[in-house]
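Encoded as structure tokens, the following chain is the form predicted alone, with no partner shown.
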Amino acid sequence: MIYDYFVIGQGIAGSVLARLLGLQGRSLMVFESPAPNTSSTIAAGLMNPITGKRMTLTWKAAEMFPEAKKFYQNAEQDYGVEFYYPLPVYRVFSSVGEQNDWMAKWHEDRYQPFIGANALETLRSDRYINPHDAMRVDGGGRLQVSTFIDAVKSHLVEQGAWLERHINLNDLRVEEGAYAYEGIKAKKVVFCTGYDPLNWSFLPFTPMKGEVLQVKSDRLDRDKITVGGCFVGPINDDKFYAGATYNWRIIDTKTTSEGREEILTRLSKFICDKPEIVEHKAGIRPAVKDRRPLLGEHPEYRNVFLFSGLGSKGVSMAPYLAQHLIQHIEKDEPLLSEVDLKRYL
């Protein structure tokens, strides 16, 4: 048998792509490295349409967020596992100036799918420090990334479509017009391996270390994600994710006291409680120089593709971009110029 696809890597990108290919009747074999995916393993799975100090609408938010919601909710139904939590995101203003900056643009049409007429609210003063109020953003939420990835893996294992292997491009041989590995063959290969300087060294990956905390508190709302210099969002019971840090200088997966204190200091500016730290993790995000993903065919190897560079917005982007890549591979539809890896060739 010759499979339609090898999918190399089963983080968030590989998991979403594998599910979509399976739903579209494609045969596939997924290979996942014995080493954990450092970015997907620690990801808090935050989905926020409006981000940054300037409260910028996420690129292609109107297309990506509805697609992500539909994708994850359908996956929950199919797998019988809960991992997607649609929640409002409250942006706490740090000053009158910041509030005024937002008020000047919140009536723009492109923001309307995510910002309602009564978006400005005052959060409970015994829980949150918000003298300048907070803005409610709808259409976002949180994905329990590890649970989703495990659900996809369980389904693939049941189908005999998952192997634990660490594979590089030079491990594959060309046989009879297909790519072969240990006697298994596929017509096409898609690498979803995150930061990958070995197979794709010609691309400008700028890996970014991030640290997150899992904290415990009985004084935070469980029905919302709150952002104020960092984020805090519910997990279960009285546990929350808090973070994250961004470090381009030191690229490793070691947690640091500096990272922990940075998150706690930022939390102290908009929450009243001093939460108890339950867990502290660090990982490497597969970011790119221009902060746009990398999709497309390898310039030297036909039918070898890349789906990577999703960075900190991978959960929101993956469903839309995975389908976009499939359309490119199978129907020769052009890739968006913003994500086509040819922009660096």
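One-based numbering along the sequence shown. Because the structure is predicted, anything quoted here is derived from the model rather than measured.
We do not show the form predicted together with a small molecule, though everything after this point is about it.
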> Taking the shortest heavy atom distance, is L295 within 4.5 Å of the small molecule in the model of the complex?
Replying inline: no
>> Within 4.5 Å, heavy atoms only: does I284 come near the small molecule in the model of the complex?
In response: yes
>> Please determine whether T51 contacts the small molecule in the model of the complex, using a 4.5 Å cut-off between heavy atoms.
In response: no
> With a 4.5 Å heavy atom cut-off, would you call F305 a contact of the small molecule in the model of the complex?
Replying inline: no
> Given that the small molecule is left out here, which of V288, M29, V315, M64 has a heavy atom within 4.5 Å of it in the model of the complex?
Replying inline: V315
> Which one of G210, P234, G140, G228 is close to the small molecule in the model of the complex, taking close to mean a heavy atom within 4.5 Å?
Replying inline: G210
> Can you say which of 125-133, 77-85, 187-195, 99-107 gets within 4.5 Å of the small molecule in the model of the complex, counting heavy atoms only?
Replying inline: 187-195
